[in-house]
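The form predicted on its own is given below as one chain in structure tokens.
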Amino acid sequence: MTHSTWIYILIMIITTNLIRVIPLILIRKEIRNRFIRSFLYYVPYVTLAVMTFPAITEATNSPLAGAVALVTGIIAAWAGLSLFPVSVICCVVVLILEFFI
């Protein structure tokens, strides 16, 4: 059993390093294509959204509380608040709504 665990760890090390090394090997000069540059710019935001949005509704006892916190967070972010105040506001909204729903 221990032997297979080390094989799995080795495969993960190789996989994660290949993901980081292949772009460095294949792309040597600056990317000038507008589409690719814009795609690469938005990839971190899309990844964060894909991981965060399902958790917003599933992490609470009531999906409605998560949805209201999401809308509140969007409004707070549009108002210019930074990440920490937005997350605190969303947590407080969920906490309050969990008591009433």
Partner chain sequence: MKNNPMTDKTAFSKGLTHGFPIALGYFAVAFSLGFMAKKCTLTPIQGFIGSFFTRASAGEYGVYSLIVQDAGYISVIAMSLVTNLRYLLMSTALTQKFSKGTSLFKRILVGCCVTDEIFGISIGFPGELNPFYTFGAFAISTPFWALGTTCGIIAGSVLPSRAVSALSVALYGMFIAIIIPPSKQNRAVCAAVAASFLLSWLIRYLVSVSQIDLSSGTITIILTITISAIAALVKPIKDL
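Throughout, rigid core stands for the largest set of C-alpha atoms superposing within 1.5 Å between the two forms. Keep in mind that what you see is a predicted model, and the values were worked out from it rather than measured. Positions refer to the first chain, counted from 1.
Another form exists, predicted together with its partner chain; not displayed. Remarks below refer to it.
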Exercise for review: Decide whether residue 64 counts as a contact residue for its partner chain in the predicted bound form under a heavy atom distance cut-off of 4.5 Å.
Suggested key: no
Exercise for review: Any residue of 79 to 99 with a heavy atom within 4.5 Å of its partner chain in the predicted bound form counts; write them all down in order.
Suggested key: 82, 83, 84, 86, 87, 90, 91, 94, 95, 98, 99
Check your understanding: Do you see a C-alpha shift of 2 Å or more at residue 15 between the shown form and the other one, with the core held fixed?
Key -> yes
Review point. Relative to the superposed rigid core, does the CA atom of residue 39 travel 2 Å or more between the shown form and the other one?
Key: yes
